[in-house]
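Single chain ahead, by itself, as structure tokens, in the form predicted on its own.
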């Protein structure tokens, strides 16, 4: 591997290889086997799994036909994540297995005749190259200078490998790019996080407030089902969104707020609840700290004040506050999932947490329940070596309240700087396409260029693979064992994933990759087991089950240890905060030098001729990882640009016309996007679904389809509290003609 300038190189057809191994080619959509193969080892009718298409990880069953081909995936009736029903992504997940564009063999970057190319390699050869480079980095810079980016189940085993190697730098982009501000804010308020799945008691709520949370489109399966149950029982839904989302269509109140003004609305709601005496006085007096400071703080933030900022009329603010108060304590101001918006996101989520406390919903039926999970021990191994340095050491005390390693912090520490004497030198990237995942692509590419080693482990030839030194093909979730899914829920529940079929081509499971690489690096003592079945069986027996039992049942529920799903009326509860109370006034935030009460900050607005770029999810696709799935692309092959008819008229657009986008920094979208006229979006904004506009040509269904919102996100507002990347301060204008040709990733 070279340490010189790293160029993107395409994965050629020769490097990918041909589909000659392990299994039939199958058209799942039409249900016909194109090449029938019936190995005797594949005659089992049904095997348990849990889905890997999104983080919800619904448990299910994989059913095969008589020829041993996967026929369908369906939900497990005993799993509270799905209650027997999968979303479109889950049922279409089998398309990942049959996708002909999959990575098929290990690949190594080499230089031939002055040109960098990938050549096909064996697994031992690939492990030797990686092992040699990791040993060199450890000797020259220290093992802490290698980081793991991961999003998926395989990250558990690779994380174990990295800790055994001596590095603490294991990061999931979902923390800094998605849920981090929420967790930090709720910890600062309640001493506990919201967790995943979220501890929201939606099925019993009487009022659900969705502020920038798109249930029904982001397909958090269990929550969508519970929302439907709540609506059937007469619950009030309040949706705050500049776009008339699917959730808004089910709502009693839709508040089409001016983007970037959510904090003003939250403060005004607090003002109304306190000034009108509509808050839960007994709960607040018994359980909270700092009410008097909060009362004084929100006194100026009247609905009239908020109207001039949010464009939401004062009557609507008061009416919705009354709806919440009338439902209290069975009310949820939903904390959301993707909450990295404007840079003050921890403070905004603090406001959400405080609002729930005023309504008495934490620990109450119809609000937030107390989840429980089983404690599963790790398979015995020696203690990990102690790390001598952390990425935080190089960031001058920034992001002190972050509870996980932040991916943009790793990116920042990777980029050379004269002010920094230590840099990350190697990345291992598993199951996350950083080119489409991390905002500010220029910064990501600059960091990648500085690396001495980049290893990518994935199922598909995503854009990130083109920058790798070594590419390792991971098999899909349908072909492998993984760690036990251990979910915090109303009652503890475990779920097993086991292979339904043998891995296609020369792909391998993450646990095997981690074990073999550990052996190559002389870390065998950390992997003292023959295979993953031995690990799973040992762990399950520690909690009163076994691998044999779980193969039959797929899901196992346990009784709660205590009857404490909700607070008892007479219970004196001590919260895990400095004061032992719910902290309306946060002592932790104050001690760290941040505002102990949430403040309204005015955010920048789009310049003339530009529109705020709003983006979101589709029930059909998960981020960018499913854009090439043959089943799901048939349903939604590209994204649209939602444009208000008023804006369309000004631009003289035609419905269905293809346009290009240019952002405030002059970045032009590589690909065009189709215009969709709709009154469901405010005139000052446009909207598109995330995850399209792929530039990797080997993604034959996804290449060039739609535009990439990530490419347009170059103005990133970093949250000073925990380092989250605020991505909604980006603005785009419309280009009616194709811009001058420029080099496009191939």
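Residue numbers count along the first chain shown, from 1. Computed from a predicted structure; not experimentally measured.
Although not depicted, the form predicted together with a small molecule is the subject of the following passage.
Taken together, the three residues 243, 457 and 619 all come within 4.5 Å of the small molecule in the predicted bound form, as judged by their closest heavy atom. Proximity to the small molecule in the predicted bound form, defined as a heavy atom within 4.5 Å, singles out one entry of 171, 437, 356, 189, which is 437. Contact with the small molecule in the predicted bound form, defined as a heavy atom within 4.5 Å, holds for exactly one of 177, 633, 644, 664, namely 177. Among residues of the shown chain, residue 727 is one whose heavy atoms approach the small molecule to within 4.5 Å in the predicted bound form.
For the chain shown alone, residue 257 is a contact residue for the small molecule in the predicted bound form, at least one non-hydrogen atom being within 4.5 angstroms. A residue is said to contact a partner when one of its heavy atoms sits within 4.5 Å of a partner heavy atom; residue 70 fails this definition for the small molecule in the predicted bound form, lying far away. Of the heavy atoms in residue 703, none are within 4.5 Å of the small molecule in the predicted bound form. The stretch in contact with the small molecule in the predicted bound form, judged by heavy atoms within 4.5 Å, is 611 to 619, chosen from 113 to 121, 499 to 507, 562 to 570, 611 to 619.
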